[in-house]
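Presented as structure tokens, the chain that follows is alone, the form predicted on its own.
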Amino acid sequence: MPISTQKMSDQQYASLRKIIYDRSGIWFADSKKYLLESRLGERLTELEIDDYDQYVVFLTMGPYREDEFQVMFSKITINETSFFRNQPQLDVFEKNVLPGLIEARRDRKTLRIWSAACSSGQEPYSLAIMVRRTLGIRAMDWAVEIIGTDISDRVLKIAKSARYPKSAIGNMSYDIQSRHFDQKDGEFEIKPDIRNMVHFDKVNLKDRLATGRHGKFDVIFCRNVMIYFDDNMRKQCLETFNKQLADDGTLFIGHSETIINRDQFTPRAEPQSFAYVKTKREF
């Protein structure tokens, strides 16, 4: 099927990027029109739509507008993820952050972690494996809850299935593969002890009510997401994380991201961690 060669006008681009921003918080700069045009051209052909004005109507007024937003979102975003991504940062989580939290919560024996914009689930499952490994035989006495959230139905479906192709686990040691995965029909499925620690929910980071419905967390991961947001949306996200993070909790962000709310977060004094704690207020 040939891809539509229909050009996107500046006005059409303005309408589409406003829809995307209003719905997701993702901002496309003026220089990114070619990107939307190239990624949505095929969609116009699939729908047999003649131009982007018709597509805007279909996206905002049609009976399938919610379904279409999900399709569009999957085409304009890149869900780049992997198990144990950015190992130096995860080492800080496992070796420095987790032991302190476990000690601080030794009486109530609960631990809650939020993996925001978790894509197809590799990050929250990786965190679950590390928590299980750190707790060891104590794991049966602890209530560990890891919440993975994303705006995309497509990636959440993969995450909930807990099944991945061999290519997705190629960077793991044989010990991790054999201990935490079962081979089924040529794929690798997360074993129940890890799978039961992780739950998934559809959450839009732009929705203040949705981001608050899961309560407080001891650790929040939101990596390589805020680079797609403008300053207002980044500020809103960081306000949300500050509100949902326990007073002694830790926020992890991506290596190419920065904290603009320095009155709310202070860096942990550890190299390559990209980790932050709540700024202590003086009264």
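Please read these numbers as outputs of a predicted model, since none were measured by experiment. Residue numbers run from 1 along the displayed sequence.
FYI, the form predicted together with a small molecule isn't displayed, but the following is about it.
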The small molecule in the model of the complex reached by all of F93, N242 and F274, non-hydrogen atom within 4.5 Å: no
Proximity of W142 to the small molecule in the model of the complex, heavy atoms at 4.5 Å: no
In the model of the complex, N224 touching the small molecule (heavy atom, 4.5 Å): yes
Partner proximity in the model of the complex: I26 to the small molecule, non-hydrogen atom cutoff 4.5 Å: yes
4.5 Å heavy atom contact, I113 and the small molecule in the model of the complex: no
Position in contact with the small molecule when the complex is considered in the model of the complex, options V97, V203, I129, M172, heavy atoms within 4.5 Å: V203
Contact assignment for the small molecule in the model of the complex, among V155, I147, L101, I190, heavy atom within 4.5 Å: V155
Segment assignment from 212-220, 33-41, 229-237, 46-54: heavy atom within 4.5 Å of the small molecule in the model of the complex: 229-237
